[in-house]
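The chain below stands alone, shown as structure tokens; this is the form predicted on its own.
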Amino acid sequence: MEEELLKIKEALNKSYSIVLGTNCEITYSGRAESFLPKGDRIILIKQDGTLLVHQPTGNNPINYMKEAEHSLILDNNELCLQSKNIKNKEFLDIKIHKLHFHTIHSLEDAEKIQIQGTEKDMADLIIKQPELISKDFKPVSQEEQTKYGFIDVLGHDKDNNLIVVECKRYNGDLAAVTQLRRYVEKLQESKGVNVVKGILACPKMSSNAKKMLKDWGFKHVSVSPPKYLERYDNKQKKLGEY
């Protein structure tokens, strides 16, 4: 146990990433007061001091602390991991009854996740395939700036009426309809025209939002965000269909 203690202490001093498989009990004081009796858990300490405690199942940590200071002591031949964040008045003590395994390494990762299927992706798709909105829709620009934000896609129809297209990757709600109205009204004011059409492009809409959209003379066009990385194919046959 003393050898493991020295290795983990050294890793904490060097701010390495540490993964511990343990049987432990946990006492926490901070955002709330809690005690977790003995059980097998995985303890993850990241290089910025973030600590996460996971049970064998589930994706959410049972305990966590952000940017804490950690120390290890040996008490009656048992490891005790003590973590504290004085600024947030948080304290966590993990009494390790058994150390199943430990992994220590200095990790590097400066990359940012690249989200696919965003509202910008939807706008790009509409620019490339304007028929998704209507047969006579002709895009003019993307991210047209107004006082209230950026219009996703601005275009016009065969009668040269301006059309504001607001993209939402999820279901359209009352807030989305209200946002579309603000853009339409601001464009009417800035361009000095009376007729500006509004279209909400999203997969689905709530019933209340549909009614509001209709009351204000706008339309909904069902457009789903492009899923460039999607692996599941809805059209793929199931075994029973062959």
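From a predicted model like this one, the values you see are computed outputs, not experimental measurements. Sequential numbering from 1, following the sequence displayed.
What comes next is about the form predicted together with the DNA, which does not appear here.
Residues 145, 149 and 179 are all found to lie within 4.5 Å of the DNA in the predicted complex, as judged by heavy atom distances. Partner contact region in the predicted complex: 64-72, out of 190-198, 36-44, 64-72, 213-221, criterion any non-hydrogen atom within 4.5 Å of the DNA.
Although the partner is absent here, residue 129 lies well away from the DNA in the predicted complex, with no heavy atom inside 4.5 Å. At the 4.5 Å threshold, heavy atoms of residue 134 stay clear of the DNA in the predicted complex, well away from it. In the predicted complex, the DNA sits within 4.5 Å of a heavy atom of residue 90. Among residues of the shown chain, residue 119 is one whose heavy atoms approach the DNA to within 4.5 Å in the predicted complex. Checked against the DNA in the predicted complex, the residues 95, 102, 169, 84 give one hit for a heavy atom within 4.5 Å, which is 169.
Interface residues of 5-41, taken as those with a heavy atom within 4.5 Å of the DNA in the predicted complex (partner not displayed): 28, 31, 32, 34, in sequence order.
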